[in-house]
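Here you get one chain, nothing else, as structure tokens; it is the form predicted alone.
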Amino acid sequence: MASNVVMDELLCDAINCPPETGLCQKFEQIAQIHNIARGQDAPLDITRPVLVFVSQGATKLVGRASGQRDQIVAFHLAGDILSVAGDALHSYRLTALSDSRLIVFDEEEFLECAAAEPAILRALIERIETALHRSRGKAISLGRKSAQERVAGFLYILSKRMKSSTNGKCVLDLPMSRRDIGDSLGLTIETVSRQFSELKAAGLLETCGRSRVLLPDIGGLARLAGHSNFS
């Protein structure tokens, strides 16, 4: 952990803050950096709310439901900003799915620095709205959709976030395991594996090893998931 972090270009772009401005220097003074290896938890002090920027890698936000039962709340990829509350109803931890670099801010200090910059506040609000919409979509998925619809929807949304292609097909190098996907969607690992096989048989998915997935028909995947904009 270190202070006086040099603001990276990805973060400056994410919060709409030109690197050459004096405001970036203020952000550098209140930022902390954590380099965490795959499988490790980020050493966050969440006695106060914090904002976390994923500069590199991928992470999962895990909530403790009760007892020893955990729920994967969300996956966060490079370029994402997330808020972790210190006084929430449940405790949370942020775990690296791959070697990751995180830039962390005390939320109140960040907002104080950004208060006079509408463009930065607007960028932050847009990201909060995106996270809210994803959360609402996931609530519908967990409450009303079949296992196949959940898995199809998960892959479709991930394809929109990762945006890579090869020979006209969307390519996903999944940082999360089948078990992680199941824990996120309320399914067993066996059910996730079975749904991958069924999607493959339907021509909506191809696999290459354990982590690479090719999606030849994004529209078909979205329709199977029940997304209204593809009905």
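Everything numeric here is computed off the predicted structure, so don't read it as measured data. Numbers for residues come from their place in the sequence shown, where the first is 1. The term rigid core refers to the most C-alpha atoms you can superpose between the two forms while keeping them within 1.5 Å.
From this point on, the text means the form predicted together with the DNA, which you will not see here.
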{"item": "The single option of Lys169, Lys26, Arg194, Arg64 touching the DNA in the predicted complex, heavy atom within 4.5 Å", "value": "Arg194"}
{"item": "The unique member of Asn35, Gln40, Thr188, Gln56 whose heavy atoms fall within 4.5 Å of the DNA in the predicted complex", "value": "Thr188"}
{"item": "Residue stretch of 26-34, 42-50, 196-204, 56-64 approaching the DNA in the predicted complex, non-hydrogen atom distance within 4.5 Å", "value": "196-204"}
{"item": "Close approach of Ser146 to the DNA in the predicted complex, 4.5 Å, heavy atom", "value": "yes"}
{"item": "In the predicted complex, Gly209 touching the DNA (heavy atom, 4.5 Å)", "value": "yes"}
{"item": "Core fit, then Lys200 C-alpha moves 2 Å or more between the shown form and the other one", "value": "yes"}
